[in-house]
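Here's a solo chain for you in structure tokens, the form predicted alone.
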């Protein structure tokens, strides 16, 4: 394989890996905050894609302009999911982990059912967009415009998330709640409010990824499933609760997937990803970068 082809594969894997990281970081953030795995995470992605699609149908505005609206909407969805479902599941007196799993899994099925009722199982797509079907040439590499913009958005949001967590009172409240939920109550921090905002933030991040995916990916009620599986792998690979780990692991998964698709049939490209995941689970169960 020529060096130009290798660089092309590397660039494609890197861009897709940045999107995987953006999808996964919200899941990692929620787990790190509450030790709860959100099994409706893929459905949050699907809701964002349908939100962009619906707004596009009504307004005919480009998805790039609609992305902030979808992201803000998903923030509300995430906060409502906590206040309306997860908060009550956490009050269980026994089998707490199982109750939380079934609560978020049930939420996922409910969201899928609502989407299928209103939008039918048909595949839908957004056409005639500013970025759709366009490529940008950089140094002889041809990069799909939606993935390139999505990668840049991912980098900007990760920088923003780092600054939010390290430089703001809200970020410090999240970190303190994650470290000791009992202690924060003694200093007047409302745990439920912090959890609701944390769920909103996690959903907003996957909402931004969904807004980008809606530009070039088909939209249907089960679209979140494959991306959710990748997100779980990324979170486990990078380290449960690690924000930097989600970024690094997302890029690793994207690169492994891209290079595997060159060596074996593309339909089997996930074999290498899951093999890498299993190897890390056996050798380093806490993930490559541990917990943040």
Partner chain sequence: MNETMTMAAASAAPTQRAAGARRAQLPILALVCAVTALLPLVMQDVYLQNVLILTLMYAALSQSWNILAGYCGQISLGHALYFGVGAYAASFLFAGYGITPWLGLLVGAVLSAGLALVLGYVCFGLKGHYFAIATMVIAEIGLLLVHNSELFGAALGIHWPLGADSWSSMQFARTKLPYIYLALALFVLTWLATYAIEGSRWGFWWRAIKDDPEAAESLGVEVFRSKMAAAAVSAFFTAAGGAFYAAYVAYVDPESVMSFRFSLLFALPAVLGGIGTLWGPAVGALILIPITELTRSYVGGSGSGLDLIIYGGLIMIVALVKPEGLLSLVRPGGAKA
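Nothing here was measured: the structure is a model prediction, and the numbers come from that model. Numbering follows the first chain given and starts at 1.
Quick note: we don't show the form predicted together with the partner chain, though the next part is all about it.
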remark   = Assert contact_stretch over 50-58, 66-74, 225-233, 247-255 against the partner chain in the predicted complex, heavy atom within 4.5 Å, equals 225-233
request  = State yes or no: in the predicted complex, is some non-hydrogen atom of residue 239 no more than 4.5 angstroms from a non-hydrogen atom of the partner chain?
outcome  = yes
query = residue 98: heavy atom within 4.5 Å of the partner chain in the predicted complex?
reply = yes
task = Look up in the predicted complex whether residue 133 has a non-hydrogen atom within 4.5 angstroms of the partner chain, and give yes or no.
result = no
task = Could you confirm whether residue 14 comes within 4.5 Å of the partner chain in the predicted complex, counting heavy atoms only?
result = no
remark   = Answer key, the partner chain contact in the predicted complex at 4.5 Å (heavy atoms) among 103, 157, 219, 149: the residue is 103
key: Contact residue in the predicted complex, chosen from 143, 79, 89, 161 - any heavy atom within 4.5 Å of the partner chain   = 89
Contact set, 104-127 vs the partner chain in the predicted complex - heavy atom within 4.5 angstroms = 105, 106, 107, 109, 110, 112, 113, 114, 116, 117, 121
